[in-house]
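As structure tokens, one chain now follows by itself in the form predicted alone.
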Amino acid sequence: MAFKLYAKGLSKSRAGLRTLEDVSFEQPQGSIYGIAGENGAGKSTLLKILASVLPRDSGSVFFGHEKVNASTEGDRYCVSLDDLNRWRELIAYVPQELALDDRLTVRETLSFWTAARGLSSSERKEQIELAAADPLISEFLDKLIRECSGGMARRVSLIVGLLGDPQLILLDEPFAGADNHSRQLMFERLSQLRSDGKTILVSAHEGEVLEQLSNRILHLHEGKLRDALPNNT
């Protein structure tokens, strides 16, 4: 059963300024959509709303069967952003700011976050084993976060976000400060996730990054969606 992400009429104002205005798009399962725009265009605001970190002023968001529509929200084949518990089980959100404790090793970081997400002992063990075997971080599991390069830290942050096998993955500037090797490894991992049927939204300042990675690019300008250009990926 194929699913889609539906965003309709999303708007947000802060301090009297409109940061997002009537943004609507649909994204099929198993695709990567890039979010492009200048600083202040609304990229992070859009991702934070989709991640349920920031409340929207208006609009709706749901993830459901391709034939679903707003009138069928609440159906078992449709999860609405307003159903926070179900929505947060569905998503992964990796913010631009690294949320890593630099006193911990990479392995300890995995243990901390599996516990923080309330996983059972057996689930925690399984998730840690899977994450530890991932080529993104397998070579430096016992390195302290403070000793990791910027690219390594970004890779750890991505792996933390993927704990729990999310279906909708939201990434805000995940390549910032990453070296070419780290960037390539992350590209490969995201491409594999897309092949596995995950739905991914990723923002980046570098247009060429999004062009290489994305099936489609959403262009934001002053909070408005100007266009949604298809890519050749």
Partner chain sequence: MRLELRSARTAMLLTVLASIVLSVLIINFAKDDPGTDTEKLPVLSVAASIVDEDNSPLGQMLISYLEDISYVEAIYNDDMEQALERLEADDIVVILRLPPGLFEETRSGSQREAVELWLNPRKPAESNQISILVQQYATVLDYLYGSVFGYQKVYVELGGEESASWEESSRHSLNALIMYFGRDRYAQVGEHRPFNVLIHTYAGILMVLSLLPAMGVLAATGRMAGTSYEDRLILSCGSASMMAARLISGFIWWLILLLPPLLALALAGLIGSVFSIAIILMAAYFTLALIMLALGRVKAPYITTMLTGWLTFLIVIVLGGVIYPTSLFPDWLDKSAVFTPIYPLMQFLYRSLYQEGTVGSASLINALWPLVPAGFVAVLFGRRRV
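Keep in mind the model is a prediction, meaning the values are calculated, not measured. Positions refer to the first chain, counted from 1.
The same protein also exists as the form predicted together with the partner chain; that form is not shown, yet it is the one meant from here on.
Taken together, the three residues I91, E97 and G161 all come within 4.5 Å of the partner chain in the predicted complex, as judged by their closest heavy atom. When the partner chain is considered in the predicted complex, only one residue from A204, L193, A51, L185 comes within 4.5 Å through any heavy atom, namely A51. For the options E123, E108, D134, E147, the residue carrying a heavy atom within 4.5 angstroms of the partner chain in the predicted complex is E108.
Using a 4.5 angstroms threshold between heavy atoms, L104 counts as touching the partner chain in the predicted complex. Using a 4.5 angstroms limit between non-hydrogen atoms, S80 is distant from the partner chain in the predicted complex. Under a 4.5 angstroms non-hydrogen atom cutoff, the partner chain in the predicted complex lacks Q127 among its neighbouring residues. By the criterion of a heavy atom within 4.5 Å, R117 is counted among the residues contacting the partner chain in the predicted complex.
Of the candidate stretches 175-183, 23-31, 54-62, 195-203, only 54-62 has residues whose heavy atoms lie within 4.5 Å of the partner chain in the predicted complex.
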